[in-house]
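We begin with a single chain expressed as structure tokens, specifically the form predicted alone.
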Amino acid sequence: MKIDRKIDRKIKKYINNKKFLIGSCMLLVMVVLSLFAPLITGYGYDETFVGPALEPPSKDYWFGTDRLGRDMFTRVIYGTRISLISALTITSICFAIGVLLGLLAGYYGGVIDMFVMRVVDIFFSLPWVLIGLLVVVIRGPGLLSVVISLSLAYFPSFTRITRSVVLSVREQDFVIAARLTGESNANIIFRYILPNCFSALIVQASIIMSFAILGEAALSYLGYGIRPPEPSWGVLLQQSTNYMWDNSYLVILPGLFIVFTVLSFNFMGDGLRDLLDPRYKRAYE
């Protein structure tokens, strides 16, 4: 009974947080669209001349068609897959690299801390667009180039947050007691220190997810990311630039999907911050 009550309180706490609930529902919609895109749409994402070229939105073509007669609804829905996959991959890589470096720098300090933080400062000083250009020059455009460039651009934020938390935790009594009992450094780091970083890292991960979606769309729009015929939202915007005045739906609809997805992660991030921050979470208990 006590366990059931605790579970009920936790569920109620998340439901009472409107920002988290709204963000979760919005993100769930995008995940469902990406997973069931072949069932939702009636065409292939690069199937040409399914209708008249530059046909405005109608009951037959909900989002209209592009200059090659491709169904824009299909292409926008399939673009959801690329955005979510790239965002998840980039955030996972940033999390793995940034957290590991932050743990090492914060726990050991000294030369390791100085070296790691100087590397982080270098990457912080480089604009993410410049990093994207360098990666594209080395290995050419594509999804892998987007993942590499944005991972290099965003991992330093995880490193700094992790290091700051470790510096405040490593001198606390439970960590000192673990050292005195002879536990290894690896055990202390991953068993005692890392769990104390999760609340800040989860919020940061939601922020990086939204940055990754915007970054992927921007690089693809500039021609440094996803290449046609893959239906990235950035590619759709780039291909529609010449028709935006007479056929504004070609730009507005992919743009709305970008805004909707980024807002979902921002709402979730704000909600998680309130739920995990001791200054706010009592209001939802």
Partner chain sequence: MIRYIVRRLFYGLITIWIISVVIFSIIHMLPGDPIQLMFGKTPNPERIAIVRSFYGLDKPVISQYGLWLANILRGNFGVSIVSGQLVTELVLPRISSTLLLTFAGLLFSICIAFPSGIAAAVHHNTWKDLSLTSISLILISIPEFWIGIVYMMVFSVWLGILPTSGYVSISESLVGFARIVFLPALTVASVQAAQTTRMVRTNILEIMRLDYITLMRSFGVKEKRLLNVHVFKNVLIPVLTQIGMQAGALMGGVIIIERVFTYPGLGLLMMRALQDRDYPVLQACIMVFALVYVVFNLIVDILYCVINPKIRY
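Positions refer to the first chain, counted from 1. Fair warning: this is a prediction, and the values are worked out from it, not measured in the lab.
Below, we refer to the form predicted in complex with its partner chain, which is not included among the displayed structures.
Residue contact check for residue 193: none of its heavy atoms lie within 4.5 Å of its partner chain in the predicted complex.
Contact annotation for residue 81: none of its heavy atoms lies within 4.5 Å of its partner chain in the predicted complex.
Of the heavy atoms in residue 97, none are within 4.5 Å of its partner chain in the predicted complex. Its partner chain is not drawn, but in the predicted complex it has a heavy atom within 4.5 Å of residue 126. Within 4.5 Å of its partner chain in the predicted complex, a heavy atom is found for every one of 134, 222 and 255. Scanning 177, 138, 144, 111 against its partner chain in the predicted complex with a 4.5 Å heavy atom cut-off leaves one residue, 138. 244 is the sole member of 35, 244, 29, 54 with a non-hydrogen atom lying within 4.5 angstroms of its partner chain in the predicted complex. Checking 209 to 217, 100 to 108, 70 to 78, 145 to 153 against its partner chain in the predicted complex, the stretch whose residues place heavy atoms within 4.5 Å of it is 209 to 217.
If you take 242 to 268 and check each residue for a heavy atom within 4.5 Å of its partner chain in the predicted complex, you get 244, 245, 248, 251, 252, 255, 256, 258, 259, 262, 263, 266, 267, in sequence order.
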